[in-house]
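A lone chain, given as C-alpha cells: the form predicted on its own.
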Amino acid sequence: MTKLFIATTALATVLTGAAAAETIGVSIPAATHGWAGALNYHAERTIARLEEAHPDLDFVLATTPDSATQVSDLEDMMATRGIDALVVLPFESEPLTGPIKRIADSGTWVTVVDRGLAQEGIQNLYVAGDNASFGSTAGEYFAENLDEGAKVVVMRGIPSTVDNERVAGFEGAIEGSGIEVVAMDHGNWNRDTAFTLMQDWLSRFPEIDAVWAADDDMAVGALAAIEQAGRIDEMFVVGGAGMKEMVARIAEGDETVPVNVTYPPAMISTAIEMTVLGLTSGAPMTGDFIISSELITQENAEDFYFEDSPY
C-alpha cells in the first residue's frame, strides 16, 4: 500500500484557497458504539469548520444504523443532491460494494474510509488505519507474553474487510507460538454482544489465559462478564482503538488491561479534508492513506490519553 503523510496544517493552508461550488456527501455508521461515536464527533466538527471556511462547499452528512439504510441514503444523495464527491465508511463491505461502484462509475469522486469494499479499484482514495498491523501488534504481544499452550479467545468485529485483515494479522503473529485459540466469534464491536459472548465462553472453558477483543467496546463487555463471573485474576484482555478509559487503566498498571492498540476515529477528518483537496485543487490525492497502529503500554500511555476526547 502507498503510505502518505500530510500535516493537518498543510491541509488547512491549501483548503483556505479552495473555491468551488461542489457538494460532498458523507455517509458513516451511526454512533452505535464508542468508536463510532467519536467518528461522528470528528465528522461533524470537520464539516462545520470547512463549511465556515468555504461557503461554496456544501456538505450532506448521513448516519446509518445498518447497510440497507446506508444504500438508501447513498441513492438519495445522488438523486436529490447530485453530490460531486462521496466520503463513505461502509457499514458492511459486501452489501455496499455494488452501490458505491455505481456511484463511482457515474464519475463521482469516491473516498472509502476504514472498511474497504469487497472489490478493489473502485474508489479514488482509501483512508484507513493499518488493520493488518492492528491485528499483528496485538498478536505479537500475545506471543511474547503467553506461554506455549496458553488458551485464548478472540472477539471479531462486524463481518468486513477490516475484520478479516485484523484477524489475519493476529493469526499470523501467533503462528508457531503454541498459543491455542479455543474460540473465535463475532462480537460486532458491541458491548452487549461481547458481554453475552464472553459469558458463553466462560461457561464453556474452565481455562482462558487471555482475550483479544478487537475493539475497546467489546473489551468493556468482555471485562464486565469476566468480573461478574469472578474470574478477573485468571486472564488479561487486550482491546483496541485507544478508548481513554482503557488508556487510564493501562497508565495505572492494571494487569487485566496491560496494553492497547491504536486506531484513531479522527481518520474521518483526514478523509474529508483530503477529498476536498482532490475535488477542488490540482493536488494528487488518489491512492491509499494508511495510518499505522501503535502499542499503548504503561510507559507511553500518557501520550495517548486525551481527557476531552469523546472516546
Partner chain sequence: MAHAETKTRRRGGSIDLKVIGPIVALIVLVLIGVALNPNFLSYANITNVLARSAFIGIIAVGMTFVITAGGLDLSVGSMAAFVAGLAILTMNVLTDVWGVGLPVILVGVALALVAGLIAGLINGLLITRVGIEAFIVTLGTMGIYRSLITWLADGGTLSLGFEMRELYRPVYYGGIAGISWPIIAFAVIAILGEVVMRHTAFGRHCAAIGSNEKVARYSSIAVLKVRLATYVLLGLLVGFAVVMYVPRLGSASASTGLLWELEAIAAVIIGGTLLKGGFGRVWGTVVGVLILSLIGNILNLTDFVSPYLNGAIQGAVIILAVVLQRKTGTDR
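Numbering follows the first chain given and starts at 1. For clarity, every value in this text was computed on a predicted model and none was experimentally measured.
One more form of this protein exists, namely the form predicted in complex with the partner chain; it is left out here, but the text below deals with it.
- Residue-level contacts in the predicted bound form: of 74, 88, 127, 197, one residue has a heavy atom within 4.5 Å of the partner chain, and it is 197.
- When the partner chain is considered in the predicted bound form, only one residue from 190, 177, 108, 161 comes within 4.5 Å through any heavy atom, namely 190.
- Annotated contact segment (heavy atom within 4.5 Å of the partner chain in the predicted bound form): 215-223, selected among 110-118, 215-223, 141-149, 97-105.
- Although the partner is absent from this view, residue 264 stays clear of the partner chain in the predicted bound form, with no non-hydrogen atom inside 4.5 angstroms.
- At the 4.5 Å threshold, heavy atoms of residue 236 stay clear of the partner chain in the predicted bound form, well away from it.
- At a distance threshold of 4.5 angstroms between non-hydrogen atoms, residue 50 is out of contact with the partner chain in the predicted bound form.
- Remark: residue 185 counts among the residues lining the partner chain in the predicted bound form, judged by a heavy atom distance of 4.5 Å or less.
- Relative to this form, in the predicted bound form the C-alpha atoms of residue 304 and residue 44 approach one another by 3 angstroms or more.
- Between residue 187 and residue 65, the C-alpha separation grows by 3 Å or more in the predicted bound form, relative to the conformation displayed.
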